[in-house]
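Quick heads-up: it's one chain on its own, the form predicted on its own, in structure tokens.
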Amino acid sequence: MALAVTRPPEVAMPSPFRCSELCRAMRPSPIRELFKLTQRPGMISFAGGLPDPAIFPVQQFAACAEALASRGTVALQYGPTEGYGELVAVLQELMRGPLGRSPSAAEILVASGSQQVMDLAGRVLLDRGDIVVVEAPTYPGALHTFRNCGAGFATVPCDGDGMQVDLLPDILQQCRRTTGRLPKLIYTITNFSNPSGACLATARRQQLAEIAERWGIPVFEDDPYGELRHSGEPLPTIFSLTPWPGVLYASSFSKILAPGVRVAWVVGDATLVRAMAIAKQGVDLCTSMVSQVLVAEYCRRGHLLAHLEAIRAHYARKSALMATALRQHLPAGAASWHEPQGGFFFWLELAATDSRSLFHRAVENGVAFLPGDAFFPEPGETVVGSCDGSHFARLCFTFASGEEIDEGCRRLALSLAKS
């Protein structure tokens, strides 16, 4: 039985041309639209999931441009779709710890940002009408990408230990009963999830790997924040917990170096990675060779590990500042949250107010965050599960200064008091 996903109203395209079905169904990112309201003078923004530019390694990265003198003819030329050889070698070593082994070059694909990795995975795994299992809440960029593939969604609730994996078999059964088919992909952010900040517990990771193998459903393990742990012990990747080749592990230099380099990577079964490389040939031929050469040189000089230590300490201080400010300023009982052990985000559950209404009051008071409904699929595209984020709010602690964090939480408390 074909899956009939009820789509929200299509965007009116002011064009005399006959646009594609995909174009007619496209909608602006709700986050990008909200950002327009956060650009007022004097606004303190906890909205964007942005790294702190104050901690960017500008001088060290600039010095790596010396590599262009010796490798300029390589950097300024087209490169292999799979990735620049020296960077692939860096990634093989970088992945040895998290993945439990050094992957072969055939198992690695370098991409132009994590968003492209998702897009390529969708291109090779999803057909229109397929279902993707996602956490509730989850990263809106993933929803946007898989939506563009024509997918619907099944949501799995989360708690402080991430996806409630014990509910997954029943949800898979519900999908089969409701649509006549099983989901084609399970998407999860295992470490310091965007937006919840939660880490998937080790036992749940093992359970997820077992369920995925038993049901034959690939897992997309998205891990852009795993290296940003500032307390607690690192947890094993799903990839490392199973010999089953159905796990794609993806990460990026955006959060651990700088988003402007637009360099990410994926590790997985060589056959699947090869298919993604072929799909990439029709997208951008290859990731910027200039970026790849500079990033490889930065890592070759040993800067990355030292930089990771610096940003972990930097973000640990900011996370502690936000935790203190929330406890100090927010009215008692107005919200609850788990303090993250890394990553970028606090995820507030609001006791008695709608986050969208609170957002508009907060903007009037000079502070911005992201309402929770942006992190759930829309009701018409959800075949199984809940999509209500109305009582949640995401706060990013990395971008604002220490003084802005305190003042922003005070303004947020003022907004809550008016609710």
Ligand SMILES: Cc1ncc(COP(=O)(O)O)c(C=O)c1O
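The shown structure was predicted, so the numbers you read here are calculated from the model rather than taken from an experiment. For every residue, the number given is its place in the sequence shown, counted from 1.
The following text describes the form predicted in complex with this ligand, which does not appear among the structures shown.
Enquirer: Among Ser114, Asn194 and Asp222, does every residue place a heavy atom within 4.5 Å of this ligand in the model of the complex?
Expert: Per the other structure, all of Ser114, Asn194 and Asp222 touch this ligand.
Enquirer: Which residue, Lys280, Arg204, Arg229, Lys255, has a heavy atom that falls within 4.5 Å of this ligand in the model of the complex?
Expert: Here the answer is residue option Lys255.
Enquirer: Could you spot which one of Ile189, Met163, Val295, Ile131 gets a heavy atom to within 4.5 Å of this ligand in the model of the complex?
Expert: When this ligand is considered in the model of the complex, the option within 4.5 Å is Ile189.
Enquirer: Could you tell me which stretch in 269-277, 318-326, 75-83, 255-263 has residues with non-hydrogen atoms within 4.5 Å of this ligand in the model of the complex?
Expert: Within 4.5 Å of the partner lies stretch 255-263.
Enquirer: Taking the shortest heavy atom distance, is Met118 within 4.5 Å of this ligand in the model of the complex?
Expert: So Met118 counts as contacting this ligand.
Enquirer: Given that the partner is absent here, does Phe346 sit within 4.5 Å of this ligand in the model of the complex, heavy atoms only?
Expert: No, Phe346 sits far enough from this ligand in the model of the complex that none of its heavy atoms falls within 4.5 Å.
Enquirer: Might Tyr139 be said to contact this ligand in the model of the complex, defining contact as any heavy atom within 4.5 Å?
Expert: Yes, Tyr139 is a contact residue.
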